[in-house]
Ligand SMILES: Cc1cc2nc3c(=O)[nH]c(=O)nc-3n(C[C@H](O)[C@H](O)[C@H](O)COP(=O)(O)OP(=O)(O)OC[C@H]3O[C@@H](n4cnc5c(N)ncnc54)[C@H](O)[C@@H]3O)c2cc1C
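Next up: just one chain, as structure tokens, the form predicted on its own.
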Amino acid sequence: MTQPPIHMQPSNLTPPQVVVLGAGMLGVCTALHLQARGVQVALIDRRGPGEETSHGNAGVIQQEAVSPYAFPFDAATLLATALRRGVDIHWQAAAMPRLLPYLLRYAWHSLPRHHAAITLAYSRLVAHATAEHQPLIEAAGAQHLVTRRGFRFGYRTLQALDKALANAHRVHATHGVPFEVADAAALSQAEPALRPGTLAGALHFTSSWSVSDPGGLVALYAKLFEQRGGTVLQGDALTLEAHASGWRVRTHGGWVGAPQAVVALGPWSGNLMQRLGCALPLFVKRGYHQHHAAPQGLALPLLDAERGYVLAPMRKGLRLTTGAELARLDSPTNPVQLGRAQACARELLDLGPEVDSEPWLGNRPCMVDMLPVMGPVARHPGLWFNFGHGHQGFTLGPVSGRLLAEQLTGRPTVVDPAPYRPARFGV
């Protein structure tokens, strides 16, 4: 069979020193931080910046999210999950044979003696979340997308509110995360769209920020990268291969090579890892969202904490985002979880009609130890990983991009990179 021609690197492209694969929040921020340290970067994705996983989240930069989501061990949640009756967690039977080994390791890491050390490493990244977003927001001219007034966790019962309040005091004492408490009356005054009597109260985490167009923010960050001399190209990241120049990847304009490459492909990183012989324990948690034309929206994002979904005010309407669906990356859309979340949300307020013709579906890249993978790959010189941030890629993009760029350029790092390096999985 005749092989297709191998095109040379585009003649009008300044040869990059690093190619960054993936133009979501992680990839764009990595490219910006490398660029700020004098590195010539080409940012490559099959779609435009911010059009994949980074587009579909609740848009919250979660300064309060100091601890990653642990495996639920309480009997009520386990039973509801096993019977597929819950709103926050749903699973597809066809995916379980492949996912079960990962979930067992996830549960092991969720045991208190392990989770405490994981939380310590995780919280060190979260502590820099808003501080690292701030200069990018200003430089990109994205202030109009950002609200700096916090994130509410609503509770339907006083028992759940009291339990959450005790935990919030512990988090404040340990990590300094500020919060305020609102009873039912105060919450109704702050959010008049909520039906009276549906929520017993809320915790208001005042240091978190919200974004009215998450994909739009990533796109503005990418535009800033281009304005500063960076190159954004479309191409197939799965064609990445070792080459005389170091690494190369096929783009629409031909092959682009560089001495070093950063994989920031989120949930698709696993597909590329398999090709490169790097078997890291990455699995996906899928999530859905739908916009609604609510007659009266919310002032701030609201987590219905006892049901496990978020309502977030967006430019397009009130966005409802679901919890986690355990399924294969390529499984067909199955929005049963979204329907359940919508029914719960309608108990709280008038959602109004759906805005989107079809619900959005995305995938969150999760590691079995709940920590992202950021650093050099020992068995492949010049290759770097920056993925596996689970639910918090949007929050942690700037600090993770900085940490990766500091490692790659040999600079002092914002936090100790040891807990996040690929070497912990033997690669």
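Heads up: residue numbers just count along the shown sequence, starting at 1. The model shown is predicted, which means the values in this text are computed figures rather than measured ones.
Note that the form predicted in complex with this ligand isn't included here; everything after this is about it.
Here the chain stands by itself, but in the model of the complex one stretch of 376-384, 398-406, 358-366, 33-41, 358-366, has heavy atoms within 4.5 Å of this ligand.
Contact between V60 and this ligand in the model of the complex is found at the 4.5 Å heavy atom cutoff. Taking the partner from elsewhere, W268 is found to have a heavy atom lying within 4.5 Å of this ligand in the model of the complex.
Among heavy atoms of A107, none comes within 4.5 Å of this ligand in the model of the complex. Taking non-hydrogen atoms only, V262 never approaches this ligand to within 4.5 angstroms in the model of the complex. Contacts with this ligand in the model of the complex, taken as any heavy atom within 4.5 Å, map to no residue of 161-182.
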